[in-house]
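Only one chain is shown below, in structure tokens, and it's the form predicted on its own.
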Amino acid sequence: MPDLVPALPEIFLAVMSMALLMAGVFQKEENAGRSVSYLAIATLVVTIAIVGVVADGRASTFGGAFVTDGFAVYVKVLILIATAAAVLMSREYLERHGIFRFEFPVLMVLAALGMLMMVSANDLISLYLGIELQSLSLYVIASFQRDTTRSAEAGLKYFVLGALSSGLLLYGISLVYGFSGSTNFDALAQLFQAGQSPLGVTVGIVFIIAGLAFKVSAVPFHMWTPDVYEGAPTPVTAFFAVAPKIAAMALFVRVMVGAFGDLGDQWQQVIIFISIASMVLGAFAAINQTNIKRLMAYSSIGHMGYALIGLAVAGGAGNAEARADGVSGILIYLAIYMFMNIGAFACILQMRRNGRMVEGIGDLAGLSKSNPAMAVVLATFMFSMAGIPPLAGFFGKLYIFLAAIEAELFALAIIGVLASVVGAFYYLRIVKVMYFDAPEEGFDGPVSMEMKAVLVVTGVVTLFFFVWPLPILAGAGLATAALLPG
């Protein structure tokens, strides 16, 4: 029997997802959704505690295919927090639209299980299993509002394009295995220690990058993002924008830095291109958007472009300190990105009039007069996403750009700063609409206690990150040291 302690959080989550399913089946339909939702949140919180308890250096199981270390622990905590927040935010919306079935939080828990497996994958096969477990849950969640054409269309688009990305990923895995004879990350790292590899492995790495780029919605594999974000129910969009992106970016880092770190010269330029394309498209394509969910989709594409700067830095050879700064910058950025996006989507979930959701940016007109507290909170998140000091978003970009400068990737840093300036336009446009446009009819109220709690926590972290950044900075430092022990 393998030592199952490293995989204890995943085992607990798998068992509890089955238990939640049974709990929902044996309750009255009108009560099942709410009770299973709260039980799912409790399960995710307990899983965070288990992740902390089993965190004791680097340990592996299942023949080295599954590993837990400081890097995995840091990212798993972010994923579980994001999933718990998404479940909490979804309850009121789903109840109001009459689609709150107990299967929804169960699917969220199963998606989180897949993400945790992705983060701990130390083998190309376990990587694929984690991605597919996550993806199958997300396909269903995207089309959960099945009586709505937009939601069904979103789920179908995500499914078809997700199948394409899985094919690309599998083809890349088969090439790497065929030319190297192994799928284990540690074995691959030893094989390529000299920085040389057959041409087939290089081609395989490019296909793997393409498959993973789809998961983080990086250009040119971003085409699904705006349509799926717009069509999916708003709490699902909030979930898509945070937890799966964090998991996929962490997996991207573990694969490229862990298994193919010594081949950085062969894949770094691909990451640089994807990063630049994502930043530029995310900045310019969002300018003409009138739907706030589509705007947030392009915003997330741009943010993943900034995070990929750190991966490009980590692909540089010869400067161990710069590589560590690159990985650390990504981890800090992902934590800040999580709080900003959860808070922004919590505000978007309050955009409803006469019981109907509204999604137009113009619908925010005069919000400072009809709901000044909500306007202040949303303005805080918009300023932070634009990277305006001293808010958290500024520091996220600062660490990324400093890492690029340290690695002498000056052109990448300059393009990132310019894209950030362009992107600030559409964030500040929302603030202008709220404070300077003629008032529209006010939004429905009141704000539920769950949403108030989410807004307060995310707002405080975003606003006062500069006062006490130590927990996130120290956690990112330990995670980086675990991934790059040298």
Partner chain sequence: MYLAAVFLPLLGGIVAGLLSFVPDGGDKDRKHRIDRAGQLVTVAGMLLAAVAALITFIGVAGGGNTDNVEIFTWIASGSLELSWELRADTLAAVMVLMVTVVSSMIHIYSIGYMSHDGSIPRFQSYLSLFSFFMLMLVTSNNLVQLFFGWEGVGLMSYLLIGFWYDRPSANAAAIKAFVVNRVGDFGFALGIFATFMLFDTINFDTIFGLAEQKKDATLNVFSGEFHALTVICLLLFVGAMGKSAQIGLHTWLPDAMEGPTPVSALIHAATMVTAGVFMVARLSPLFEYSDVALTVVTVVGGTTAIFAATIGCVQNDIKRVIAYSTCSQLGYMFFALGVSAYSAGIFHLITHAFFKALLFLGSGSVIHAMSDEQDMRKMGGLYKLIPVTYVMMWVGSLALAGIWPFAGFFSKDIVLEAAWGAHTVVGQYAFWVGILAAFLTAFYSWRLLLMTFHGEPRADEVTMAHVHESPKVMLIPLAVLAIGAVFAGWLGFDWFVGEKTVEFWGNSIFVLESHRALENAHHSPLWVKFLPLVVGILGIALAYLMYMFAPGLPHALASGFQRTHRFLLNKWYFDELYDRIFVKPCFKLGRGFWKAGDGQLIDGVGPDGVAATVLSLARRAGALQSGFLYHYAFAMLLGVAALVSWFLVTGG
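Numbering follows the first chain given and starts at 1. Since the structure is predicted, the reported quantities are computational estimates derived from the model, not experimental observations.
Just so it is clear, the following notes concern the form predicted together with its partner chain, a form of the same protein that is not shown.
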Partner contact for residue 89 in the predicted complex: its partner chain, 4.5 angstroms, heavy atom: no
4.5 Å heavy atom contact, residue 323 to its partner chain in the predicted complex: no
Its partner chain contact at residue 411 in the predicted complex, heavy atom, 4.5 Å: no
Exercise: residue 352 in contact with its partner chain in the predicted complex, heavy atom 4.5 Å: no
In the predicted complex, segment of 236-244, 279-287, 373-381, 386-394 with a heavy atom within 4.5 Å of its partner chain: 279-287
Candidate from 133, 348, 270, 365 lying within 4.5 Å of its partner chain in the predicted complex - any heavy atom: 270
Contact residue in the predicted complex, from 170, 223, 402, 152 (heavy atom within 4.5 Å of its partner chain): 223
Sequence-ordered residues of 157-194 touching its partner chain in the predicted complex, heavy atom within 4.5 Å: 157, 160, 161, 164, 165, 168
